[in-house]
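This document starts with one chain, in the form predicted on its own, laid out as structure tokens.
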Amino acid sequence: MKKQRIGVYICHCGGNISDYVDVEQLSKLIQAEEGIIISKDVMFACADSNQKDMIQDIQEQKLDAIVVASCSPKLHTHTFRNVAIRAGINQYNYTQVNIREQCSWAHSDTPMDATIKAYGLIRAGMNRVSYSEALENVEIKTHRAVAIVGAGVAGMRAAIDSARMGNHVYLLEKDFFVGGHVPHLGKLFPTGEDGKEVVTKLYNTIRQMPNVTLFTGAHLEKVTGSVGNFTVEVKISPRYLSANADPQKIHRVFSDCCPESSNPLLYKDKEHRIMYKSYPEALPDIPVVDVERLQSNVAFYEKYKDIFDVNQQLQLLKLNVGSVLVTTGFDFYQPTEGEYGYKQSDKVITLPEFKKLVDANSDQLIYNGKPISSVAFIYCVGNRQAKGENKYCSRQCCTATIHTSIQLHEKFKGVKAYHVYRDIRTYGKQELLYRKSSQLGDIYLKFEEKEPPIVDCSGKQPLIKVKDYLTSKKEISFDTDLVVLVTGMVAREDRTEIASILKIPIGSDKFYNEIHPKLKPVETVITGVYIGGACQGPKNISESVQSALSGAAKINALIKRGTIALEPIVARINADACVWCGKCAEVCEYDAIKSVEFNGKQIAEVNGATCKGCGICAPVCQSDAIEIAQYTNNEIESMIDGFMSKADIKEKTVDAESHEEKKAGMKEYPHVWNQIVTLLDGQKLTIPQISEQLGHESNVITYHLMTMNKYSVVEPAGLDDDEAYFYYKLKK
């Protein structure tokens, strides 16, 4: 049934809208429309005073729907839905029309056109809300369990916090050892802790928590279900070690077959080992067996066969969880052969490899049996490429390099360091490292992308030639013992596999995409699936952990009550019209549609918990059996009719007398400010109280208070006892 008592509120937005759109004229035109009981232009629709007035209007005038013409619905949808709920009408009998971004800001040079377009949009909103339905949220039960994919530092830290909130956590790591890249980074800035120590502390904490279950060698195979009730299928790869074997004997055998390598860069050389670990202290402290190499070495197998179990098989686990957090991390960029001499000379290595080298040596920096007295760092290798794949900055590389250089000086006296860079981006407190590096005598040479440095490896030592922009493009050449390529972060190679399973969008930088970097920084388009850490873009350790903890907090807020209320804006099937051609299921990216039998025939069925209401299924339905709640045919067609209707709008004119009145009014603004300041001296008051005592309308007081708040003259001071209005006081 069409709505017959509609209220329309057109916002001035403090001049953002009313400076270009004639809101007063629009309000009068809309008032004459059929079914419109109230039409008001208000200074700030979102102000607490106006919300109170709207509630009063709805209750006194028995309105059954409201339209708010203001700014973007992204900002205030929930604000006005709550107004509807508090007033006693269904929250989905409200619609918001954007006449700021779409009218006043877009057409500020042609106010008449902005006003005409705003009229069309408001008419469209009125028509739409007249056909709106009183929808109810979809209530579903939730499992109070979380699957965290990736057991790097961010994933482990999120697992600990999520478990402390009372959730059961399944921590899934694809590798056989936890920690990701962090254990190989040596000392970390700014704490000075060793990466291995950080991982060990987190791992030991997890082992002490009964509600955290860690799976290593865990491959995510399939995820079905929806928020609150996901079924996660995981394959666990075996280590091929007997469950009954003596742990001490396992370690003795491991030490016998895996002697320490003279080259610290080759510790994880799986291709030549029957048993291996990613680094000596890797956790869990259980080596992995290469079963094919073991079986080919018959003598070794026969000698120690009591510790092996070559018959172990892949295990398939099914875990029921309420939500999923992805913290799969990143990979370091691997230079191509010949890129700055990489792989053409053993004296050209990457920064992660150099960090291992610094960490492995003690008294003197030795590489391949020779002492190193000079090192040249070449920055932005593989990143910030105008014509390459990785156009972004990795953010943490400059800090990591300079921190490594400082460690180099502190650990090995007399080593000279050259920094061949494009830009130094040590933001925040990390700028202190840049200063310290300079004080230690590091030499900085700046190049531009169009003229990169040349590395010549034909001699005994690598020769570097660079046009230094700090010395007016003077060409500088110097020899060095070792060239270190500063490589940034890139998305993991298995990103598409995880993305396809969990339906996570991938951005142009190949990292996972959140919904909005500011408003929803860890949410994905799939409700209940969150991302955190460096899988969504380059971050340092602190930023990665903060991101993952944000995801853990969001998940806890979602599942802790045991039920979730989902929006009912989903696809709906007309069972009589549906003939099940399957095209809707083919185009659905969320696997929300399946075939079911109904009255002796196959029809489509929509999973309301999974459906996102995107509407892609509706246009492919040949029998027109699908519609989207809040976007029905009646609503959409009526919006088109409303927008296309002609408007008898007169161009706004300003005569001399009214112009003088306006000028006089402008002169009064500071006077009103003075009145408000005098009144608030030593006390706090609400907008209605200020309005009553000064004798000005509440919308005028609202306008001035908002402006005074913007310029730090006043500030909010909490809600009144009825929680209806904010108090305001002078800002000290």
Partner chain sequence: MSTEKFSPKILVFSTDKISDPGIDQAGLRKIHYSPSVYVISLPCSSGIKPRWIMRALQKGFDGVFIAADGHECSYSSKCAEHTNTIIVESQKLMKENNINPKRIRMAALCSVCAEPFVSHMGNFSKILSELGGIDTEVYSQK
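Please read all numbers here as calculations on a predicted model, not as lab measurements. C-alpha atoms forming the largest set that superposes within 1.5 Å between two forms make up the rigid core. Residue numbers count along the first chain shown, from 1.
The form predicted in complex with the partner chain exists for this protein as well; it is not shown, and the discussion that follows is about that form.
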{"query": "Residues 229, 236 and 562 all lining the partner chain in the predicted complex, heavy atom within 4.5 Å", "finding": "no"}
{"query": "Answer option from 390, 93, 556, 102, heavy atom within 4.5 Å of the partner chain in the predicted complex", "finding": "102"}
{"query": "Partner-contacting position among 85, 443, 640, 209 - heavy atom within 4.5 Å of the partner chain in the predicted complex", "finding": "640"}
{"query": "Non-hydrogen atom contact residue 137 with the partner chain in the predicted complex at 4.5 angstroms", "finding": "no"}
{"query": "Close approach of residue 9 to the partner chain in the predicted complex, 4.5 Å, heavy atom", "finding": "no"}
{"query": "Partner contact for residue 107 in the predicted complex: the partner chain, 4.5 angstroms, heavy atom", "finding": "yes"}
{"query": "Contact label in the predicted complex: residue 636 to the partner chain, heavy atom within 4.5 Å", "finding": "yes"}
{"query": "Residue stretch of 182-190, 343-351, 294-302, 608-616 approaching the partner chain in the predicted complex, non-hydrogen atom distance within 4.5 Å", "finding": "608-616"}
{"query": "Stretch 70-100 - residues with a heavy atom within 4.5 Å of the partner chain in the predicted complex", "finding": "72, 74, 98"}
{"query": "C-alpha of residue 337 off by 2 Å or more between this form and the one not shown on rigid core", "finding": "no"}
{"query": "Rigid core fit then residue 646 CA moved by 2 Å or more between this form and the one not shown", "finding": "yes"}
{"query": "Residue 443 C-alpha shift between this form and the one not shown of 2 Å or more, rigid core reference", "finding": "no"}
